[in-house]
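Quick setup: one chain, the form predicted alone, written in structure tokens, and binding and motion questions come after.
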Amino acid sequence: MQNSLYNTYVKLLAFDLLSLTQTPSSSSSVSEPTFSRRGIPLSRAETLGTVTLRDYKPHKFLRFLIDDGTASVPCILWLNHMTSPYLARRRRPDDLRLIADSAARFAAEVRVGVVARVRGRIGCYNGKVQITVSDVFVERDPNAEILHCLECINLALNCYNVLPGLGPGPDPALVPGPSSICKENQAENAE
């Protein structure tokens, strides 16, 4: 149960993402550190905010910052899929072309000032947490930021903090969450 969130894109606010606990990998074959939140290992994250910085190196990478009002998350979108010997050994050419085309499309959409939803692998560079981007979606809904913020708070209180071994979360009577909403719906359906 402890690893149930490991390969899931967890929705986190920037300050929460940047405060993840980083531990060196215990496996000798993997040199990347692992990240955890309250003892729960995480590998992927989703965040949403305004693009505040954009550093574009054609056919190499796009580095940008996503600011959600709580902090700024560094993101890296690799654009070297067709020239990387590492990827050439691990992927078929058709797959590489599709991934490269998607990455180029994402890079074209990321502009300073747009509100973007970013999903990717949690990693680190120079000792700091960053997201290695797997996809980007430019939000056009004016309510997207506040909805994301509320979803992150709700998930943190009612999902990420209540896994076995972590002790009790907040008092369910004080925080309306999925369990209390489900109970309310069940009571209404029973009547």
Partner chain sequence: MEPLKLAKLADLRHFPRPFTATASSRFPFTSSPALLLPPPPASNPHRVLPLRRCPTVIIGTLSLPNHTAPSSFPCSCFQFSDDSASVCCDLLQFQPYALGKQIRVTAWNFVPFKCHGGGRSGFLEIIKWCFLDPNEEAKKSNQMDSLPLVPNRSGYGNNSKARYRVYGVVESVGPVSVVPCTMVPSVSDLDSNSSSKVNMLGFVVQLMCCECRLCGSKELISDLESGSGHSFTKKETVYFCDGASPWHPGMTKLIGNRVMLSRLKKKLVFITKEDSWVMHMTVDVSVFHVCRVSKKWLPCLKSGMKAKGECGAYTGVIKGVYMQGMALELDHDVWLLLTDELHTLMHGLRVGAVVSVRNVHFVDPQFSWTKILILGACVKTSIIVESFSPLETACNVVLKSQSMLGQFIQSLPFSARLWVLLLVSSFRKMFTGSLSDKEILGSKHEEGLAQMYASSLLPASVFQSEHGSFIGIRRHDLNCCSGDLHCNMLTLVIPVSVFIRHCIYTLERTLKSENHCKLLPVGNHFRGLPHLARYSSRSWRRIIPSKDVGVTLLGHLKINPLTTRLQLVDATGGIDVLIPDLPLTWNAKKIYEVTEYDIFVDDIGGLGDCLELLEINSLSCRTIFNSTQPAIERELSSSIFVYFHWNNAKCRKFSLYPSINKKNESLIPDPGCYHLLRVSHKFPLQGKYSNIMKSNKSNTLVEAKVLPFDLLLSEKREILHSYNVLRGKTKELSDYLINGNKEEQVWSNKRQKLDKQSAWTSKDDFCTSTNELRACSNLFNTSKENKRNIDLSSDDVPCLANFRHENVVCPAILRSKSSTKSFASKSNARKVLLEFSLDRFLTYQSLKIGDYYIIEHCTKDCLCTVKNAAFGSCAKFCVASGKLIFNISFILAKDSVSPSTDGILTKEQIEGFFLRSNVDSPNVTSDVCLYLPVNLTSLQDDNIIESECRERHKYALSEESANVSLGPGIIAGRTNLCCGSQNSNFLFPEGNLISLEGDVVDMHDIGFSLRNACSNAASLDTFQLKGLTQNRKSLCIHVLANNHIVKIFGSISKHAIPIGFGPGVTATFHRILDARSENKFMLLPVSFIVIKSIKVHDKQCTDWSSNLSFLKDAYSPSPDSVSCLISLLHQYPSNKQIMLRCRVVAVFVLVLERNSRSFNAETKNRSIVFDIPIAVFLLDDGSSTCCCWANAERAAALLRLHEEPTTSHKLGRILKNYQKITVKNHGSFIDSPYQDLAVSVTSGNTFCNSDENLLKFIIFNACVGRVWNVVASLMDVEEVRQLDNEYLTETANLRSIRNIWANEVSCPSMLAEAKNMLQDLLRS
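The shown structure was predicted, so the numbers you read here are calculated from the model rather than taken from an experiment. Positions refer to the first chain, counted from 1.
Heads up, the form predicted together with the partner chain isn't pictured, but that's what we're talking about next.
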property: Proximity of Arg38 to the partner chain in the predicted bound form, heavy atoms at 4.5 Å; result: no
property: Contact test in the predicted bound form: Phe137 vs the partner chain, heavy atoms, 4.5 Å; result: yes
property: Partner proximity in the predicted bound form: Val10 to the partner chain, non-hydrogen atom cutoff 4.5 Å; result: yes
property: Asp67: touches the partner chain in the predicted bound form, heavy atom cutoff 4.5 angstroms; result: no
property: The partner chain in the predicted bound form - contacting residues of 129-156, heavy atom within 4.5 Å; result: Asp135, Phe137, Glu139, Asp141, Asn143, Ala144, Ile146, Leu147, Leu150, Glu151, Ile153, Asn154, Leu155
